[in-house]
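Following this are structure 1 and structure 2, which are two forms of one protein chain, each written alone as structure tokens.
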Structure 1
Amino acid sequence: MRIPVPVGDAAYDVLVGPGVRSRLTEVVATRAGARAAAIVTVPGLREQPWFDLTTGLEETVLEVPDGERAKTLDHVEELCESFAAAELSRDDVVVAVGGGAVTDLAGFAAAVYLRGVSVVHVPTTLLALVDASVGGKTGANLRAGKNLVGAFHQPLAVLGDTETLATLPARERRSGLGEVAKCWLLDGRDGPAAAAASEMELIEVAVRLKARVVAADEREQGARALLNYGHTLGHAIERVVLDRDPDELRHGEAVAIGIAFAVRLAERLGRVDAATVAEHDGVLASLGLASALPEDLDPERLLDFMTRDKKARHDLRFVLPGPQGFEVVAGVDEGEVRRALEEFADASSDPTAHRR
């Protein structure tokens, strides 16, 4: 499957399907003058059966630590030093192979090395395939928070090889499904259709939606912000659980809970009716996602983090469904959010609530 992402003069394709990693040689060959390639990945992935990538160029494989802790400016610097040691020139190519942490970090290093060299993403988690590798956002974390430095740097291509997903732990798959659920809802689709969809269909709907939104608003001046549906509470939950157990929840799992909350907040604000809440719950349930708050999360702490969210721009803003479809709603009344959160926490403590 070929999904074009038409952004400015840098239109590129997302290829999805079993075995598309074998197209890497062909993709880098489109870069006239390319002589060398740096493949950036994490140690565990090099042992996977599908790690048989070849660029047809002089290759250097570079490893960064696994997961979120790799996303630091120190690692960006280390990668750039390694690119220089491998004598990567402006015409050469960086290939990022891994989850979103790798595509973000290697993409950022590629964006700043020599003021920008080409990057090809080979996303190997569902989340990276449907979200992180598409749209050109790259970045790293600061001590002050996640993704606070970065650059827009569109890839040369994205090779979403579904064979790589065969080795993905169930937990990581569920995390990707959280972002799929978001796209499914933004695309106006329902629960029964999600339950009936194949993995390829789920990926296709999510990538096409993201490609369309990014093409309309590459730099998040408007419509791209809708991709943050479920993220205001999702990010706050991630911040709170990070302090007690970083493995308690993955990003997409937190987004799913954030979606369940956002639709209830929309109902409370008179934007949608109970049927819409049931529809959104239906999509989450069809994809096997929990929609209840984890135990013992203090609504006041969540509220505190939500007001400090970098995308909140100093007020409480949510992407919410409503009569005109999804919209970014700024300046939501804090009291309403508090009451909605307390109700959500109460409903979540019900034994029949859909917890993981």
Structure 2
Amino acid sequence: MRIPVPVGDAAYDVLVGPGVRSRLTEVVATRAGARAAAIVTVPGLREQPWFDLTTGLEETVLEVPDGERAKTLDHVEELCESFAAAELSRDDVVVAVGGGAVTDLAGFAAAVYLRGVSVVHVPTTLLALVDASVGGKTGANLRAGKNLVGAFHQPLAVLGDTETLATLPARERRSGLGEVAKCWLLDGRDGPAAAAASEMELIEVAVRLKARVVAADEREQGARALLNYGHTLGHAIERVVLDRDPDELRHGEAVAIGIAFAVRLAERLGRVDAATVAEHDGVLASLGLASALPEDLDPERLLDFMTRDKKARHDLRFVLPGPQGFEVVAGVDEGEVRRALEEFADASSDPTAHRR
């Protein structure tokens, strides 16, 4: 499957299928003058039998920690120092092999090293394939919140090899489905269709939607902000949970919970009715996603992080469904958000709440 991302002069393809990692040499060859490549990955992936990647160039393999703990400015600096030690030039290439944290981190380092060197993403998780690797968003976290530093830096290509996806544990697949659910809803599709869809169909819907949106609004000045649906609360949940256990929750799981909250906030604000809430819950349930808050999360702390979300402009902003479809709604009353969040937390503590 080939899905073009027509972003002006930086247009590229997302290739999905078994064995597409073997196209890496072909992609890298489009960089005239390239002599070296830095492959950024995590320790566990280098041991996988499919880690037979070759660029046809002088290669340096660099390892970073797994997961969100890698997305720090310290690790960005370490990568850039390693690029310099390997004498990468502006003609050379960075290859990010891993999940969304790896593509975010390596992409950001590539964006700032020498003010920009080319990057190829080889996502090895469903989440990275349908979200982080497509669209050119790169970044790192601050203590104040997720992805508060970063750059737009489009890749040369994205190679989504389904042979690597087949090795994923169920929980990693579920995390990817959180972003799929977001795209499924933004595309106006229903729960029964999601339940009946194959993995390739789910991937295609998500990537094609993102490609269309990114092509129309690369720098998130308008419609691209809609891709943050579910992320305002989702990122806040991640930030709180990271402090107590980095492995407690995956990004897509947090986004799914954020989606369940956002549609309920929209109902509270009179933008949608109960049927829309039920439709959202149906899509989440059909993909096996929880729609309840984890236990023992303080609503006030979550609200504090939501006010520091990267979309905020000194106010509370949410992507919400409404009569005209999905919109970025600015200036949402803090009291209404607090009450909606408290009700959501109370409902989540009900033993009959949807959990997986």
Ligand SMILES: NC(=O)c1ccc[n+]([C@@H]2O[C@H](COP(=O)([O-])OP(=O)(O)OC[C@H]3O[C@@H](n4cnc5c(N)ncnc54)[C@H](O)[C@@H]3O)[C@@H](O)[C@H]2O)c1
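Sequence positions of structure 1, starting at 1, serve as the residue numbers. Take the two forms, find the largest set of C-alpha atoms that superpose within 1.5 Å, and that set is the rigid core. All values reported here derive from a predicted model rather than from experimental measurement.
Taken from the form predicted together with the named molecule is structure 1; the remaining one is not. For R219, the Cα coordinates differ by under 2 angstroms between the two structures after the core has been superposed.
For L297, the Cα coordinates differ by 2 angstroms or more between the two structures after the core has been superposed.
After superposition on the rigid core, the Cα of R239 moves by 2 Å or more between the two structures. In the core-superposed comparison between the two structures, the CA atom of L142 travels 2.5 Å.
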